[in-house]
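Have a look below at one chain only, the form predicted alone, in structure tokens format.
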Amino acid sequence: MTLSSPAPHQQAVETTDAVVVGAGMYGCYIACLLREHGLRVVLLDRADKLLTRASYANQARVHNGYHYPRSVLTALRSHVNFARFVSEFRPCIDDSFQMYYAIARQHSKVTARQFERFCLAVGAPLSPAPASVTARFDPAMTEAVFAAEEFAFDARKLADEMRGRLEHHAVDTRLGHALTGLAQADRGLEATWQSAQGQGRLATRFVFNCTYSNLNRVLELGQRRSIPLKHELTEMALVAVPPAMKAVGVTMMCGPFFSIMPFPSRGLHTLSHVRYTPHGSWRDEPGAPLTHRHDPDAFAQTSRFPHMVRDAARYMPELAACQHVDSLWEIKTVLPQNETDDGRPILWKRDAEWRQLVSVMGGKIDNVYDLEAEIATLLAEDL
């Protein structure tokens, strides 16, 4: 199998057991899981490379639970999955820096004591930062600073790893192939696709919709009921940091604050800010037409880095020396019910009528293991 080579034009309907739409981390992982259960799998993506969208354009954080004091379930799942993800994807992990979590004196939704109790409850390692580190923060703005155990992943190495897994599992991977239609068929469902070389039809038992911000676009192709989702155009600033910051990551908790940490695939740091990273938002509502394009290049992209760094430097003055190099733009998608608690559960939703059509959306790459039980249950029910 050659990942980058499209399949030839097919006149007849091909048959397979499962079609996975979307070659991000979740789509690739599901495709491999299905092959481990003995299913024939076709993986489609309109892009010509793996993991090019939301799986790449994010902060590349391997979560250990600290980020979610308002969603204990998300924190626990992150902490449970952390060690496994780091071990399994060790060649893709950057653990060469020290992560610190700081608590703001004002406007934080947790106090230092509450954060300590939360980390103890979920089992996430936490200790007071050395005095030399605490001294780098403005004491008038910062209540406490803690050393934490959290790493980053190299998105390009992760894409190479998943390419190897797809080849090992003999997944029929078709990049540069856009899904153009969904319909019911005798065998279950029929998916149509189009590429630069032609078009084709796939009769399949299952379709897994793993297109993240485009979930409802895929459902629309089959005239299925859309899922309530909130979308944001987001900017992750890529910055060159002062020498003393190169082996450091910082997250200021927990409210309208910032986070800065290494982004291994570019040799830079990402700088995000709860207030300035989102550049606008909209919602998909069931029964309402989809009015927005879910392509970040369709929007005006004026960086807010000056606002991000100016506010971050109020807490950690040395950040004022950060230099803006580039920005990662992406459409971030969340479930509306998790806006208040910041939780990131995996969406696993079977269509009400087409039960073999499953929409899947993960908020964090390192929680991909939660799919294993869902896949096993689905296949057991379908026997």
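Residue positions are given as counts along the sequence shown, with the first one as 1. Computed from a predicted structure; not experimentally measured.
There is another form of the same protein, the form predicted in complex with a small molecule; it is not shown, and what comes next is about it.
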### Partner-contacting position among A129, L179, A312, L126 - heavy atom within 4.5 Å of the small molecule in the model of the complex
L179
### Task
From the candidate stretches 161-169, 209-217, 103-111, 238-246, select the single one in contact with the small molecule in the model of the complex, where contact means a heavy atom within 4.5 Å.
209-217
### Query
Would the small molecule be touched by all three of D45, H63 and I365 in the model of the complex, meaning a heavy atom each within 4.5 Å?
yes
### Message
Taking the small molecule as it sits in the model of the complex, is A18 near enough to touch it, meaning that at least one heavy atom pair lies within 4.5 angstroms?
### Response
no
### Message
Please determine whether T52 contacts the small molecule in the model of the complex, using a 4.5 Å cut-off between heavy atoms.
### Response
yes
### Message
Since only the chain is shown here, I'm wondering whether S327 would be in contact with the small molecule in the model of the complex (any heavy atom pair within 4.5 Å).
### Response
no
### Query
Do C322 and the small molecule share at least one heavy atom pair within 4.5 Å in the model of the complex?
no
